Ligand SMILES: Cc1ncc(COP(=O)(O)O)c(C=O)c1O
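Consider the single chain below, provided in C-alpha cells and representing the form predicted alone.
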Amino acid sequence: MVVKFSERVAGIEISGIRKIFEAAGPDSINLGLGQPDFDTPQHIKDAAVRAIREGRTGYTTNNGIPELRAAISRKFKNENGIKYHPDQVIVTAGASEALHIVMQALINPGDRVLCGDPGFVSYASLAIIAGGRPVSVPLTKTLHIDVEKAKSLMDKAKIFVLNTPGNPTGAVESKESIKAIVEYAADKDVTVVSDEVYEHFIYGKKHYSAAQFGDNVITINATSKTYAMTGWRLGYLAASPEIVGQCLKVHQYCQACATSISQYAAVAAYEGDQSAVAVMRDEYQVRRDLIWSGLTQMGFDFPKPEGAFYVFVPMKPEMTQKIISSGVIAVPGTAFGVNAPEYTRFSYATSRQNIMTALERIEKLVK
C-alpha cells in the first residue's frame, strides 16, 4: 500500500529544536530547549491537586472556564493596559494551539503570512499547514524588525506575526516600532498576531502589547514561560468577537477544551502570588550576563539579549557542529528561517553551573 500524504504536511520539516533536543546524549548540557529549569510555584500545583480532589476533571466549556477567562481579562487590563472582555478570550492547549487555530481560521490558500526571519520555528510551518505562504521579514543587524522593510511587504498580506520579546533573538521591540507596524497593518487590512509569551522576562526595557495600538491585533500568550508551566499546556488568545467566533470553531473540533486541571491551576497562577516571576526574571538576567560575557570574551560578537532567555550568536555551521559534538546542545540558525544559516541559538534557561561548564567546553574548541 502506498500512502499519499498531503502536500502541506509533506512540505514541512520536523522542528529543528526538537530534533536536537531528542538527540541529546546523557552527558550533554542542553542549551537547546526553551524549557525553564524552575519548578512550577507551589500554590499553582496546590490548586491543581485541589481541582483533582474536588472532581473537576471533566470537559469544560469550549472557550475555557469562566473564572480563568475573567482572570486573564483582568491581567490584560492591569498588566498590559488593554481591554478584552472574558468572552473575547479562548483558553487553548498552549500558545502553540492558539497560533494553529488562528492560522486555520484566517488563512485561505496562498495567503501571505509575514514572519520575522530568523523567527520562531512554528510560524512559517503553521502558515503552510493552513495553506498559506510564509514570507520572510528580515531583521536589522541588531536583530530587531526592520520596520520599513516590513511595511514594504504588507501589500496583499493577510497576517503579520509579531513576537516580542523575540525567540530566537532575545530582541525587545520598541513602542515606536510596534505602533508603526500595527497602524500600517491596519491601513493594509493586515491582522497582527502578537505572540507575547516572554513578556515578563525583559532586562532593562519595557514590554508593549500590540493591542494597545489597534483593533487589528490578536494577542497570544501562555502560562508556560511566565510560571514555569510548559508541560501544563495552557495558553490563550484574545481578539475581537468576530475573530474569536471563527477561531472557536477550529478549537472545538481539534481540541474541544484545554485540560480542566491546568485551567484551575492557571487561575491560581494569575490571581495568586506573583513573586516567583520576579525571582525567575532576575535569575535569567544573571544567566544572560554570564553566557553573554563568556561568549563575547571568546570573540563572538552579538547584541546582548534584551528579553526572553536566548542568545543568538553569529557562528559558522562547522563550529556549531563541533559544539554539539562536544556535548553542548544548541540549535543551528537554519531552524529559524532562511536568513540565519551562520547563527546558533543557545538557551540560558538552565543553571549557572551548566552554563559555565558549557562555556568551558566551547572555549576549548575556540582556542
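Every value quoted in this text rests on a predicted model; they were computed, and no experiment measured them. Note that residue numbering follows the sequence shown and begins at 1.
There is also a form predicted together with the ligand; it is not shown, and the following applies to it.
Of these, 209, 216, 224, 262, which has a heavy atom no more than 4.5 Å from the ligand in the model of the complex?
Only one option qualifies, and that one is 224.
Of these, 76, 201, 123, 270, which has a heavy atom no more than 4.5 Å from the ligand in the model of the complex?
Contact residue from the list: 123.
Using a 4.5 Å heavy atom cut-off, indicate which stretch of 276-284, 105-113, 160-168, 139-147 touches the ligand in the model of the complex.
Careful reading of the contacts points to 160-168.
Hey, in the model of the complex, does residue 64 get a heavy atom within 4.5 angstroms of the ligand?
Taking the distances in the model of the complex, the answer for residue 64 is no, it never comes within 4.5 Å of the ligand.
For residue 95, is any heavy atom within 4.5 Å of the ligand in the model of the complex, or not?
Judged by the heavy-atom cut-off of 4.5 Å, residue 95 is in contact with the ligand in the model of the complex.
Contact between residue 34 and the ligand in the model of the complex at 4.5 Å, heavy atoms?
Yes, residue 34 is a contact residue.
Please run the contact check for residue 197 against the ligand in the model of the complex: heavy atoms, 4.5 angstroms, yes or no?
Looking in the model of the complex, residue contacts with the ligand include residue 197, since a heavy atom lies within 4.5 Å.
Would you mind checking 303-318 for residues with a heavy atom within 4.5 Å of the ligand in the model of the complex?
Counting only heavy atoms within 4.5 Å of the ligand in the model of the complex, the single contacting residue of 303-318 is 310.
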